[in-house]
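Given as structure tokens, the chain that follows is alone and in the form predicted on its own.
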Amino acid sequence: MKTRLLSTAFTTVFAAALLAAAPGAFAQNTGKVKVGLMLPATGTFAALGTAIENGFRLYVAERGGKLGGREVEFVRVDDESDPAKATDNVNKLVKRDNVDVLVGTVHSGVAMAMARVAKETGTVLIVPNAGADAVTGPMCAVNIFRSSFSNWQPGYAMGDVMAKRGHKKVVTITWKYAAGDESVKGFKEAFEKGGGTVVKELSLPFPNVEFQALLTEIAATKPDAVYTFFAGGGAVKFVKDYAAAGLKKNIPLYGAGFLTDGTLEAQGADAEGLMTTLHYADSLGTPRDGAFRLAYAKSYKLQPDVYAVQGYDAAQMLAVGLEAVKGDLSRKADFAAALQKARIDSPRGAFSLSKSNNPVQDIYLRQVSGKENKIVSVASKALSDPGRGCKL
């Protein structure tokens, strides 16, 4: 009896010692995983933020509310697509709310602030839209991942397409901010490689939508075609203004896919026939995409767009990493290694990650038909961003 009591006492003391030596270790792997959703809920990109959140929540719901065995708790912040507020917003999530994972955002300038804080604190960051090249370039880190694209990717793919279609002289137009500048840069790289020339680069401050003076300049320049990067409400107004100015009939308009993704209802007939490049299309026709679209429509009474897909895949990526480390996010190297080896079963088509944690994916050429961005062809197969400046 005495021996049994001593044994029981030893076991109790040993267990207490383990808990004291590793405070929170057991709770960390079995408690809730706190996800900080830093997305736009107001302003030009509000609808995009909603679609991303819907997609993320849909995947979590499909997994019974748990990823890697841990229940998911959400903390939401409206980033207002305002880079000036970004650092304060992300610090609140990390230092005040103690989130385990950051998910965001749409605006590239805001995403850069998120990446800086994630890199400084070691917090896992999954970017479900913003394509700022630097996030998976000079700012790259083992704890920073992207479920979307780099700005370079759709721009580069369209530059190749337009050169092959015989356009020689092109005008570009975009907002003057990271996403626009980098999209045009990617476009120019491929277009000039194919023998084309960008004769004029036009821009206006974000989120200005007073396009008339620039449209007049395009008309006077008489290029073979125009390449553009706009998204959200700005994309709606640009497409309508371009058609109203009479330019659509004589100067073909091309763009990165955000020009017509999530915007067709508002653009109406003015978008008909427009060609864009992106890593998703409405008519892929695969079983995986069909199941996703049906589930999304049932859950939200809406048709999904590329933003919903990116949110959905951000949750998929988090699940892959969490499952590999059995819910223990302190094992960042193992988390990253699992994602590096993974093939994500996305509605867009399966993709892997580059060494800089950016998707290696097919970029589709799409054309607007009615209220759909229908696939024309694969513009670039398994296109990998060069990750310039990344030193992982």
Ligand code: BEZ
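None of these values were measured; they are calculated from a predicted model. Sequential numbering from 1, following the sequence displayed.
The same protein also exists as the form predicted in complex with benzoic acid (BEZ); that form is not shown, yet it is the one meant from here on.
Only one of Q153, T174, N129, T276 comes within 4.5 Å of benzoic acid (BEZ) in the predicted bound form through a heavy atom, and that residue is N129. Here the chain stands alone, but in the predicted bound form its contact with benzoic acid (BEZ), taken as any heavy atom within 4.5 Å, falls in 99-107 among 99-107, 116-124, 283-291, 297-305.
Using a 4.5 angstroms heavy atom cutoff to benzoic acid (BEZ) in the predicted bound form, none of A157, F187 and Y227 count as contacting.
In the predicted bound form, benzoic acid (BEZ) sits beyond 4.5 Å of every heavy atom of F238. Using a 4.5 angstroms limit between non-hydrogen atoms, F258 touches benzoic acid (BEZ) in the predicted bound form.
In the predicted bound form, F56 stays away from benzoic acid (BEZ), with no heavy atom inside 4.5 Å. Taking non-hydrogen atoms only, F149 approaches benzoic acid (BEZ) to within 4.5 angstroms in the predicted bound form. In the predicted bound form, L48 is the single residue of 46-72 with at least one heavy atom within 4.5 Å of benzoic acid (BEZ).
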